[in-house]
Ligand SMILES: C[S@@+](CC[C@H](N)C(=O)[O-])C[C@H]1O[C@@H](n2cnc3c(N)ncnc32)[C@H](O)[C@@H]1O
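Taking the form predicted alone, here's one chain by itself in structure tokens.
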Amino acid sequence: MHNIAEPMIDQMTLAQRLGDLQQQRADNWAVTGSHSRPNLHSILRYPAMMVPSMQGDIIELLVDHVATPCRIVDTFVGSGTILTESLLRGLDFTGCDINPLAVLVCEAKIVIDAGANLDLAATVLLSALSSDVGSSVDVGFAGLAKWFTPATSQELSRIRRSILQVEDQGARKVFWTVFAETIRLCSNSRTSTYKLHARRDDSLVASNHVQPIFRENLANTLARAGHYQRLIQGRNAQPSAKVHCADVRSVGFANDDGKHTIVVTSPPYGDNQTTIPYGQFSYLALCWIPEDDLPLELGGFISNTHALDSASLGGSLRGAVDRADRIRGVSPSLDALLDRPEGHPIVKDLRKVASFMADFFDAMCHIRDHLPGRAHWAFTTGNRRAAGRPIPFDSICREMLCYLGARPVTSLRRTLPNKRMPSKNNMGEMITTENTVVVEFA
């Protein structure tokens, strides 16, 4: 086991700067709503999005502190908050996520950053949509009739065919993002939860509202893209950006250009099925978007509503206790959480925690193996409860990083006004704070 060394002088300076930043910007970091997610940050309402202003401030300070060329890496990229904040600052970026919908949104943002002429492509799309009077439904999957009325499926099929008339695949990726947001708003699933729960009959969206909702979403996205492209007009060079669609434990995060690595990310707070079901949230959109325009061959990911979440960290309970026992000594906080009297099994709900933590540590080892050398990492975490016990994920994360040789710099805390886990979840108590653990690898 690695020893946790005392902070060096330059780390103390960085800790002080980060502490000052938190004091100066705490009110701004607490802002919620549309004003907190400008430009490309709100083209799709993805679960548990990070606060752009906070992450942008942290990135800026770390880059300034390092004072050498940097590459930003987000190993759990989601819908691309860190991607957007990095590209705005002209920083090269590498990301990863197992969810094809998340990576599609990131690829759409990269297309916009590269200067795509979306207005011209949108003209082609809208012309095709206005002339489409077909009544066919162009997709078929388990649950189609449950989640969409026949008339809504016809309207969505018209939109789908119209997007396919756009020749440029990059532009199509942007329009599929708009389409995914339209599906979220118009399906028969409630928008108040990330899980698939049927709406009441009196809250269903009428089919004649589907096209107006899509057109409004498209207009908003075009406006946000235009605003973003104006923001980056003064950049000195086009940054490189790549997002991998894969399990984080299988991605090679090569840093061939020798730039200093800054990992800024927010890992899932636990297994997706009992925390935030990203795969379940994405299922309907992934069933509608053509596979050729998605960043990964879906295979079994849309075989059912839970397949993607089962493939994510902690998604399998197979050998959970043995895998957790194998990493004993890595995190004292995790050991204390899972300790049990001789002969007593881990309670059922903590088996899910054990499985996730074992997978998460494997992921951390893989990332560090592929990003060796000096680096700064900033992990934003939230602490939930399971089996009536608090799960100190911030402490577990910090201890795992230190076990891998990191030196702790500081932790930043942000108060959350209204962040809750899924309501039909016995682990679903209010998360009131997020903690950003900052460490340095020498």
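All residue numbers refer to positions in the sequence shown, first residue = 1. Every value quoted in this text rests on a predicted model; they were computed, and no experiment measured them.
This next part talks about the form predicted in complex with this ligand, which is not shown.
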**Fill in**
Which of 184-192, 69-77, 159-167, 114-122 lies within 4.5 Å of this ligand in the predicted complex, heavy atoms considered? The stretch 69-77
**Asked** Which one of A48, L416, L61, A26 is close to this ligand in the predicted complex, taking close to mean a heavy atom within 4.5 Å?
**Response** A48
**Prompt:** Among W176, F301, Y228, Y278, which has any heavy atom within 4.5 Å of this ligand in the predicted complex?
**Reply:** Y278
**Asked** Any of the heavy atoms of P267 lying within 4.5 Å of this ligand in the predicted complex?
**Response** yes
**Asked** With the cut-off set at 4.5 Å between non-hydrogen atoms, does A285 touch this ligand in the predicted complex?
**Response** no
**Request:** Determine whether any heavy atom of A108 comes within 4.5 Å of a heavy atom of this ligand in the predicted complex, and answer yes or no.
**Result:** no
**Prompt:** Does any heavy atom of A246 come within 4.5 Å of a heavy atom of this ligand in the predicted complex?
**Reply:** yes
**Fill in**
Restricting to 80-98, the residues within 4.5 Å of this ligand in the predicted complex through any heavy atom are G80, T81, C96, D97, I98
